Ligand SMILES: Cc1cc2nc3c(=O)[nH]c(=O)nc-3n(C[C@H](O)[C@H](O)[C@H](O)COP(=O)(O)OP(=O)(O)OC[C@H]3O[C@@H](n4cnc5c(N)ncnc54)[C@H](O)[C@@H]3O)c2cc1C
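A lone chain, given as structure tokens: the form predicted alone.
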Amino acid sequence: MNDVLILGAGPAGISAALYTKRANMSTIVLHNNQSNLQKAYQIDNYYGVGKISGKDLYQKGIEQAKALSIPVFEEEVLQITEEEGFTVTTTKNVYHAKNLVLATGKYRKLPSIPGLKENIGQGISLCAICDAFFYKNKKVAILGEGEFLHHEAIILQKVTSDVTLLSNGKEEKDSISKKIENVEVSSGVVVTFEDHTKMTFDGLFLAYGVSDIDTLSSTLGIMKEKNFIKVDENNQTNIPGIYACGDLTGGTLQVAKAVYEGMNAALAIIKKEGKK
């Protein structure tokens, strides 16, 4: 029986692992190598790091955990059950732990437009807060829908007056609603519509929010609030022993917030288990 099992190897999961391991708690990290952080082309607003790609920051976190002899395994989780603690079944193994930390991140809902997913980080961004700075006084577009589309527009309008809203066939206020046929990245981001007209931008931002909470958490009866896992001041869910941190809990989806919440959950576990 492990003290702590962490699902997710991004900033929240690795932060939690570093604290619990240093408190002499048996800690295992499982991940599926899927993280929005890896898609960030460049990060330069995280304390003490300077300019770094999201992919490199993600890998450095894993390397840091392994340097402390924390087992980090790439395995897909199939089932989570609550029995004598928690049992997590993956494609390769079965793990048991007293405490479970959910830090898997949230995956973006993206339309099936050729050229879109493969160019994320190469002129196409998932985060206006993260990347707006790089497009000061440039021509940008936002592809999305609903409140998130207009929220991202407000952020970008603070750095450039040339912001175009695209809604890919859906009627949205102040947007171009034409269906998009494909997206290419060459000298800028070229958007081709179904009527064969084209528009070229310096950058394209995606504003589709995040997907629903993983069905695994739902089967456990974990409470949600506005499509995010509801946690208390210790980042504990309504189920004692299960914690959630990072993008899963909503709020500002930033590395700094994820690192804090991972630490916060870890400290709560350390205190509960009476470790020093």
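Numbering starts at 1 and runs along the sequence shown. Just so we're clear, the structure is a prediction, and the values are computed from it rather than from any experiment.
One more form of this protein, predicted in complex with the named molecule, exists but is not displayed; see below.
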Subject >> Residue contact check: residue 40 to the named molecule in the predicted bound form, 4.5 Å heavy atom >> reply: yes
**OP:** May I ask you to check whether residue 27 falls inside a 4.5 Å heavy atom distance of the named molecule in the predicted bound form?
**Re:** no
Original post:
With the partner left out of view, is residue 101 within 4.5 angstroms of the named molecule in the predicted bound form by any non-hydrogen atom?
Top reply: no
Original post:
Is residue 77 close enough to the named molecule in the predicted bound form to count, meaning some heavy atom within 4.5 Å?
Top reply: yes
**OP:** Sort through 123-131, 137-145, 179-187, 160-168 and report the only stretch with a non-hydrogen atom within 4.5 Å of the named molecule in the predicted bound form.
**Re:** 123-131
Subject >> Contact residue in the predicted bound form, chosen from 53, 64, 234, 45 - any heavy atom within 4.5 Å of the named molecule >> reply: 45
Original post:
Among the candidate residues 227, 59, 32, 219, which is the single one with a non-hydrogen atom no more than 4.5 Å from the named molecule in the predicted bound form?
Top reply: 32
Subject >> Residues of 1-28 having any heavy atom within 4.5 Å of the named molecule in the predicted bound form, listed in sequence order >> reply: 8, 9, 10, 11, 12, 13
